[in-house]
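In structure tokens, one chain follows: the form predicted alone.
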Amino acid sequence: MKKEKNNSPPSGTRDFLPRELHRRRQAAGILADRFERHGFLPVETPALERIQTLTGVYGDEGDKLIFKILPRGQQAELNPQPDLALRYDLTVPAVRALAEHDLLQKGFRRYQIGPVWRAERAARGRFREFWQCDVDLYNTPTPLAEAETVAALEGGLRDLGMRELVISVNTRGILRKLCDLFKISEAQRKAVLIALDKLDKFPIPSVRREIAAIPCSGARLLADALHPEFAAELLDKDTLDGPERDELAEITEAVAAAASRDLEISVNPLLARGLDYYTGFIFEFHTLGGSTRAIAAGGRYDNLAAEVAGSDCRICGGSIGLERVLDELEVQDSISALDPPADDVVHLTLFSPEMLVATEQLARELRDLGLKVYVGRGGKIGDQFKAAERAGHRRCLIYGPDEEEKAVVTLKDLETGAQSEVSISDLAGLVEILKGI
């Protein structure tokens, strides 16, 4: 009995057909252009990293989600333990690469756009393979780095068509002060921050239960105090005042100066990024009335270079989640702005098999002049017109024996039915006509 094949991609991954892929490429190109306008330079790192590079920097929860790769061949016999892994994010591999090439200490600005992989349970809007669009500033002081990071990410989001943006900001220092306020033990603070990081993903009662289950009396007190207005209450009181609050105010002022006037800035003392490597300023971008999940996020991680590469370097950066932004644009019904123009391609009909050589020569000359030319499959001209319409090609070129004899090509607009003849000796003029339509 023949075994049935499952031709679907692995759970949490996707195939991209032309329209979706064009949108992703357009979005990536728009972001790359924005990042370069802010002085960031492109860096690429391999999809594979040595496993010791990745483990121990994301925290226990992150380490569980690293895709590990077992050794191969003779090496597997000597040591069956995983030695490689798919990159979990773009930040850590970039630190490793820039340390290797002695760029960490030179005030380098780096951007990278590409896929990462996480071995988590796939669900709607959550993938095992997805794209991040990163910026990082190395060896750049506060608050300059924070302002430049936020400005580049906000500019990219607006270039993609995102509107009504709000950025929530906080610092790890304020979170430490919050833990001190509730007398949460050092041993349990990591678990509390991991739970607080879920406030934008799960309802408050669910987060309260998770915090209350942490074996610490202070955690239970925090869980009891948690309610929708708790963050605002903390800001109204003087319990969080001090150098941590002053530092955040200084950063917020610089961010407001660098960002657009339309950006709403919200101080949220409960904002907690779940990864272990954050040390200072942290932020998340959302859209008003959109998904509760962040579409971009980041912060400062001054100890990361020491952990990954044994190098002392202050780092601040952030990342746009490409999937979440595209989903949000779909909800806002504005993703079509990333689609290719409907008349971007010229459909060149194949009049007959005998005309193949002449038709291909014409197609080559037009392509060399910068046109996108689709050569039809042949058959009845009417059927080729219908095929062009199905493909979204509004403009057709007809080159048959009559046109060849007169040294012209017939241009037909499928929407209006209008036709005109253009001399073969003036293909550059034909290109100008087509580009101007």
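Take the two forms, find the largest set of C-alpha atoms that superpose within 1.5 Å, and that set is the rigid core. All residue numbers refer to positions in the sequence shown, first residue = 1. Computed from a prediction, not measured in an experiment: that's the story for all the values here.
Omitted here: the form predicted together with another copy of the chain. The next part is about that form.
Another copy of the chain in the predicted complex is not approached by Ser217, whose heavy atoms all lie more than 4.5 angstroms from it.
Though the partner is left out of this view, Glu129 does reach within 4.5 Å of another copy of the chain in the predicted complex, counting heavy atoms only.
Using a 4.5 Å cutoff between non-hydrogen atoms, Pro18 counts as a contact of another copy of the chain in the predicted complex. Using a 4.5 angstroms threshold between heavy atoms, Gly429 stays clear of another copy of the chain in the predicted complex. The stretch from 141-149, 196-204, 319-327, 168-176 that comes within 4.5 Å of another copy of the chain in the predicted complex, counting heavy atoms only, is 141-149.
Only one of Leu270, Leu86, Ile265, Met162 lies close to another copy of the chain in the predicted complex, with a heavy atom inside 4.5 Å, and it is Leu86. Residue in contact with another copy of the chain in the predicted complex (any heavy atom within 4.5 Å), chosen from Ile30, Ile398, Val375, Val408: Val375. Taking another copy of the chain as positioned in the predicted complex, the residues of 302-323 that bring a heavy atom within 4.5 Å of it are, in sequence order, Ala306, Glu307, Val308, Ala309, Gly310, Ser311, Asp312.
When two forms of a protein are overlaid on their rigid core, residues whose CA moves 2 Å or more are considered shifted, and Pro353 is one of them between this form and the one not shown. The two forms, fitted on the rigid core, differ between this form and the one not shown by less than 2 Å at the CA of Val43. With the core held fixed, the Cα of Asp383 is displaced between this form and the one not shown by 2 Å or more.
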